[in-house]
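Okay, so here's just one chain, in structure tokens, the form predicted alone.
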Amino acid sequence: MKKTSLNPVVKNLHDKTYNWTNQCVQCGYCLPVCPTYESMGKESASPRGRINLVKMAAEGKIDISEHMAEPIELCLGCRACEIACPVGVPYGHMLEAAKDAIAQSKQQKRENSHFLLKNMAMNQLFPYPNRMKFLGSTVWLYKKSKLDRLIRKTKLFPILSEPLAQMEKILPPLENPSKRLKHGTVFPAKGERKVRVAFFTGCIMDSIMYKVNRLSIELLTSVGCEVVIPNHQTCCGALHAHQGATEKAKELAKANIQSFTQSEAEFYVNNAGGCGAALSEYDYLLKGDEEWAETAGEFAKKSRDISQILTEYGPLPFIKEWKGIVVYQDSCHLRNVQKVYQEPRQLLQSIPGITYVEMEGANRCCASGGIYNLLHFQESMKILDKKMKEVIELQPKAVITTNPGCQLQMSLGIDRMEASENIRSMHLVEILAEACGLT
């Protein structure tokens, strides 16, 4: 079929992805590292199979909505296949282009419940920090008033949605919202000032897990960082890019770039692997934008995970021993996109008294995948339950992660294994803070 005969959505998909799909040599090195190929056992659930589907859709040989959409949407986007690929196929960028094409497809059923959930979350919630904070404060009140116990007795959540019922059970304890970081604040370094950094507060981290944000500032200042919380920062746009809302992702990226470049900071620090991956790829997201491309490149170069900064400017002032076995579950986007995997392990092993054990398959996705575990609950649980068997065998006191979605997913896994009395799911920042005597 001639390219000129393709409809605009297909032509756009062709222009963005066709050269990438032709890079794939069908070697299959990606198959053993793909969690959905392992759990579903079919070619269309593998990176190689999905690349083939995108290629055929770009050629107009198959329908985007009917044939390509489901296999693409069942991909976790963990990008482990990029690390295994010997010819460097940029699978993550191809996946986002395919999601964009799916979103644009006129044949998509927009009344689909998955579409409504995604649309509400991405367009009415995540881009609005005050709405996210209101949501977080409501959750705090919900748990503080013990209304959660009453609602559970009614079994209302399982009737509405089993995935939501599961997630509601593992929401972490929230501290008073008055302790949430205030944008525009500057926190001085404790002792000698070594560097000025700007902190990215995130959506979920700022609304639900703001204690981790507060502890992050305590750790950063303890190693000599002056920390500024830039005003007018917003959602990183990762979920939007991953769900095909590329233009909204660009809009959010520009807002963050504008906010952070005014901070006069040497580094832009985050504590969420998924957000950090998006921030570090703003240069790719805006590469065709004449006005923003150069600034986006500078922004991406300054983006750092908190583990990198704590390792570079440490050591941390530990004052307590942490007794017990801990295992670490990589955030896919921290490891596979940002290539950060040694620093979290180094920090854990530096805690006095700790017994760090490397978990088999720590680099394999936990199947949180942003909101994948809500949209594709059963598929997500198959992958999670397999991972939890590895965890339980090691009998750790804590599973450590570096991403809010991963942390909640591991909490859910621990709950499903009925091991909540013995194993905690913790952010890296939390365990470091405990050993530093911070509460």
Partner chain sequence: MNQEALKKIKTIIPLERIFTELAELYSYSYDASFGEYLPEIVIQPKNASEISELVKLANEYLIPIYPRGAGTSLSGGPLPVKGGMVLDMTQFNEKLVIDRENLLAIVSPGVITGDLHKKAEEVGLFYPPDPSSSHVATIGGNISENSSGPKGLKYGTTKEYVIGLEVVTPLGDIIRTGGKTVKNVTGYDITRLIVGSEGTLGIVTEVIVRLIPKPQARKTLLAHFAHLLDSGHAITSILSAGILPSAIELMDNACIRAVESFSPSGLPVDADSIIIVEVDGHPAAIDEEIKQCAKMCRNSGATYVKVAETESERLKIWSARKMVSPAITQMGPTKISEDATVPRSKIPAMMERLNRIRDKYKLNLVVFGHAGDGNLHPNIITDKRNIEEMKKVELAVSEIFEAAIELGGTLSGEHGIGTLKSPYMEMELGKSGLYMMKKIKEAWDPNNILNPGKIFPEKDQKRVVFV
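Just so you know, these numbers come straight off a predicted model, no measurement behind them. Numbering follows the first chain given and starts at 1.
Omitted from view is the form predicted in complex with the partner chain, to which the following refers.
Contact check for K42: a heavy atom falls within 4.5 Å of the partner chain in the predicted complex. Contact annotation: N22 falls within 4.5 Å of the partner chain in the predicted complex, judged by heavy atom distances. In the predicted complex, the partner chain stays beyond 4.5 Å of every heavy atom belonging to F377. Using a 4.5 angstroms threshold between heavy atoms, S65 stays clear of the partner chain in the predicted complex. Contact annotation: the partner chain lies within 4.5 Å of heavy atoms from the stretch 26-34 in the predicted complex, the single such stretch among 26-34, 409-417, 396-404, 383-391. In sequence order, P86, V87 are the residues of 79-98 having a heavy atom within 4.5 Å of the partner chain in the predicted complex; the partner itself is omitted from this view.
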